[in-house]
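Next up: just one chain, as structure tokens, the form predicted alone.
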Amino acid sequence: MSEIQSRKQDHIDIVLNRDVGFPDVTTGFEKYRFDHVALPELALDDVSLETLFLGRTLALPFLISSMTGGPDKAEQINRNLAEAAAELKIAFAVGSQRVALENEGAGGLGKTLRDLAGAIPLIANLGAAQIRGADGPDLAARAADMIGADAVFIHLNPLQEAVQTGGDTDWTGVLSAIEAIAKSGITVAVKEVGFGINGRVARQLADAGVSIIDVAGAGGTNWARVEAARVKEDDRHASIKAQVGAAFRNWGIPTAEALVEAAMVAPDATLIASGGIRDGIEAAMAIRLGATLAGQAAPALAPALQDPEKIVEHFTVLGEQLRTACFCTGSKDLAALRTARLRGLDAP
């Protein structure tokens, strides 16, 4: 097992079994509240949750967000997620394909994934530090072709890399590399990993040709804490890194704040809200604040290790919570939900 494969397997075990959230930072969605409509004048069963994403109609506005997987778990996770996403008719973004590109489709990240996923939107994934240099567009094209993807996520994780032993910490030229991939004709999506994208960066990405932005804000999994949890006590250098990472336990932009900023400065971009979204009501609020999709990763991880039916059940519950939120705001569909009234002086 390579060091990268070992690290990714550690990530799964830590996220499942340790508290690696933000001690004192929330997603920010609790600052908003829908105005309850006691006379909705519509039938619950008539509420439509369909939305268009990457040219395909989704039954629910959800994204199974990028997860990582060790060598003995990745194939099972990806197979289960693809089958569930196809049944649910929701979007699916795979975890980093770095290892898969080096090992010709390892971890279930090969052509069979598209067969399992059917016609749903499928998004490939590369790290920002990987795509620097002249071969960035070729690498992105290979990642997309490997799984028959509709777009490629470039994930931004500077803090995680900074506190990771052996992390990629030279980020010069990343924005120009993203722009080069977009100019090559590939549909580019960009996401953080849980510390948020601010308005200035969202505008830079939109100007560079990025059409999809996942703000992936603070309030869910804190990857600085995940990396700190990997450190062995007898590894002095790694211990120093862990102590550095521990200081960032509350670092980041809350998801709701990042979403509102991005919606203001990049109105033509398709926005995804992820980072600590717990239920269908918060998904509804994310859509109200400007998102096209709500993404989840960590909450779907345990079901992904079981079977597709558990994943289907998980997102079905989220969907029914979202449908009920639409019903109780008098919103017949997601377009109406985007204009639902919010209570409070600071409501947008």
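Keep in mind that this is a model prediction, so the values were computed, not measured. All residue numbers are counted from 1 along the displayed sequence.
There is another form of this protein, the form predicted in complex with another copy of the chain, and it is not shown here; the text below is about that form.
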*Which residue, 54, 42, 301, 49, has a heavy atom that falls within 4.5 Å of another copy of the chain in the predicted complex?*
42
*Could you tell me which one of 201, 100, 120, 74 places a heavy atom within 4.5 Å of another copy of the chain in the predicted complex?*
201
*Can you check whether residue 12 is within 4.5 Å of another copy of the chain in the predicted complex, heavy atom basis?*
no
*Please check if residue 197 has a heavy atom lying within 4.5 Å of any heavy atom of another copy of the chain in the predicted complex.*
yes
*With the cut-off set at 4.5 Å between non-hydrogen atoms, does residue 281 touch another copy of the chain in the predicted complex?*
yes
*asked:* Even though the partner isn't displayed, in the predicted complex is residue 292 close enough to another copy of the chain, meaning a heavy atom within 4.5 Å?
replied: no
*asked:* Given the stretches 153 to 161, 76 to 84, 138 to 146, 179 to 187, which is the single one in contact with another copy of the chain in the predicted complex, using a heavy atom cutoff of 4.5 Å?
replied: 153 to 161
*What residues, if any, in 242 to 262 have a non-hydrogen atom within 4.5 angstroms of another copy of the chain in the predicted complex?*
243, 244, 247, 248, 251, 252, 253, 254, 257, 261
